[in-house]
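Alright, here's a single protein chain in two forms, structure 1 and structure 2, each given by itself as structure tokens.
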Structure 1
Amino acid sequence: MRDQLEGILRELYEVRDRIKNADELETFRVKFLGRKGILREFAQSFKDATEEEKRTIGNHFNKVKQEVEDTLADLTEKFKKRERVRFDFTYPGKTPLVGYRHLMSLELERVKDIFASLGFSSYGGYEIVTEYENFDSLNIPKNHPARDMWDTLWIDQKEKGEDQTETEKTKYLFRTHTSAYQVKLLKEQGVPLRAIIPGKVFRHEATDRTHDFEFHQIEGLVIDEGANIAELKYVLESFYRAYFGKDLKIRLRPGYFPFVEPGLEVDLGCIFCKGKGCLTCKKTGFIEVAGAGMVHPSVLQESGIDPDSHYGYAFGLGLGRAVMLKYGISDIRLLHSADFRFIEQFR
């Protein structure tokens, strides 16, 4: 039996050196000290020994058992220390993720700064407006195509005002242009006024590389006694030169917008070919970037301003179009995407 105990001790030393984790330690405990473990089985067989054997072998058994228990205690403490979370103040930490502003937000601030240097104040306006603000106040009559359901995102109001007639209901929509704030701004601020109205606008249309159903627009509005088209052209030239950092030409063409008279299409000298003609400008040397014109007399009258004593000009430029030209972005939909591969290029 003494040889059997020596065998148990040798096995203890062999198994002890191979234990690598807490799971293996539990297996060790069950094997030696469990209900059906090696030492329990030896103790059961020890009952049939003589009194002399119990005296001589018993002391050796207790030593082997103590060795097993000490080994178990030492390894348990060892693995507990490994599980403790320790902080090493000398170890380099992980760089925390820090938020950053989106490209469109940065460019919008840049645009505001440029217009501020030209004497313009910046105003907001609601994205959901009334039919009057978006259309009626801007000389856009009831039968104008812009009011069609395919061009305009109307707010569903079926749950409200069911007892009202169609003419009594106030209709709301997502603004189709920042011009919707023109009349309200003039009534609030009065004249003279030199302002820009930046913000998102919404239109019900199919999306492609150059069109989206939502985009940023910068509305410019100047009302004063001496406002004229020459000043309008100067403002636009000054803005685009500052924004692109290049000496660019502006071309004005006749265009139609109900709230200006005369209406103008604004073309920018191609920044890629410098007017020589390329695929981007379709060999014309110019790229259409904005709409503009002299504020229509009916809009001035709607704002409580005498069109015989004050004149004004207005312009609306797409911020997304300008950003695409500046950074060589091929698809306007990327500006509103959540694709980090695109966004992180402009951190």
Structure 2
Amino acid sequence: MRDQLEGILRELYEVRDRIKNADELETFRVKFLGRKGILREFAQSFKDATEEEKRTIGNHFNKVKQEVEDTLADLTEKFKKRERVRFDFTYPGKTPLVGYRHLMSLELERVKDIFASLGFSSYGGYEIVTEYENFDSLNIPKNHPARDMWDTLWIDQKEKGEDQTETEKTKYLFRTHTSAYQVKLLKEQGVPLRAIIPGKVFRHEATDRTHDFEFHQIEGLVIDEGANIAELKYVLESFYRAYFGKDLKIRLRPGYFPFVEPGLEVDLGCIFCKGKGCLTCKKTGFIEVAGAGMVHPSVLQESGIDPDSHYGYAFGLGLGRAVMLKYGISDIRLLHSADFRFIEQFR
């Protein structure tokens, strides 16, 4: 009988380690402690034993029974603990409070980053500038038809006193191009200079799907050794390739802007049709994206830089146009949208 008890104990140890869940534990309980369980059956079997046997075996039996009960209690505790947290992962969950950057500020940062990788520093400048900064300093004199190339939004100026005549007064305007900062920046930073001037510009122009009276421009200005048309082409090509993530081509055409000589028009190989011609590029395979050229000697002179020993290039590109092309936005006025449903689409 002693051997029998040892056998029960062995079985207990064997079975105990194989129990994996509450159901198996119940089978275990029934097997050992049930009404027809192993222990009950053993107790029945030594009912007829001698007093001597009953004393020694009984003692032993109680220890085994205790061991079984302890094991059961331990395992019950264990499986109670392992009961899992309930959660439906198809619930939407609680949205944390997050903000979104506006499309234009995101794209502006991208542009700054791309140009930084080409060694360009970025500068801000003012939106309100003098007539001199916007025109005269850039070789666009008063009463010259070249001024008609920019429809200017003027400031309604406060009178400065009776004695001043019309011509003496400094006239202010909302900059028509970021080029208005060229001379001032060259004076402030000196040469060599490799800079972009991103910012808002303003025109006295009626608005439609492709024109807004207020839009973002990126000015580029480089006065440095080797800063020639070939490098200008490289820089613009690299910029557009990085910005659109496509292998694009730049085409230069003759152009005219009074503050550059030679003046250039910059076309970008159509990002939609790869030059085959589509609706966006009006079947030409190219899209006009920027004006550019070699900085006019008179602009350098105006900036206090000797044009005989320094030269460089400048360009002005419309950010809005690039953004519209990139995302397929067909109305430029949407770029000022304040609708959350517009803003939250971009990242």
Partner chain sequence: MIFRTEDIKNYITAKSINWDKTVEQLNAKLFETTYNNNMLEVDVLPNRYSDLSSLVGFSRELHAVCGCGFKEPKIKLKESRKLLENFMSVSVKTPLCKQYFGRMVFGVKNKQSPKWLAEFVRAYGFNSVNLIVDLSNFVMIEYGAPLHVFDADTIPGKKIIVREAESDESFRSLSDKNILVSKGAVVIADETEVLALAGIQGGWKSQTTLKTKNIFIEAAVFDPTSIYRTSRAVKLQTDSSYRFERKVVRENAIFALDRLTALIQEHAGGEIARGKVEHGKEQLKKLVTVLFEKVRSYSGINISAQEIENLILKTGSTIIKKTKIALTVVPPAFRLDLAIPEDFIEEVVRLYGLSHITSVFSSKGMIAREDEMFALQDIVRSLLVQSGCFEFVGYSFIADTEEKILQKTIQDLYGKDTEAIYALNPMSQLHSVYRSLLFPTLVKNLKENAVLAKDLRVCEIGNIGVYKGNNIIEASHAAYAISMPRVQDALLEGKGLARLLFERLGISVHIKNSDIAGFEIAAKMYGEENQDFGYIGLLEKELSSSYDIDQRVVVAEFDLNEILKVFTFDVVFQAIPEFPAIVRDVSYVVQETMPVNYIEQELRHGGTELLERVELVDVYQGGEIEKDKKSITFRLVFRAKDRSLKDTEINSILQGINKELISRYNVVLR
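C-alpha atoms forming the largest set that superposes within 1.5 Å between two forms make up the rigid core. Residue positions are counted from 1 along structure 1's sequence. What you see is a predicted model; the values in this text were computed from it and never measured.
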Of structures 1 and 2, the form predicted together with its partner chain: 2
Superpose the two forms on their rigid core, then report whether the C-alpha of D331 is displaced by 2 angstroms or more between the two structures. no
Superposing on the rigid core, does the Cα of G34 end up 2 Å or more away between the two structures? yes
Given a core-based superposition, decide whether the C-alpha of C273 shifts by 2 Å or more between the two structures. no
How much does the C-alpha of L12 move between the two structures, in Å, given a rigid core overlay? 68.3
Give me the C-alpha shift of F340 between the two structures, core superposed, in Å. 3.7
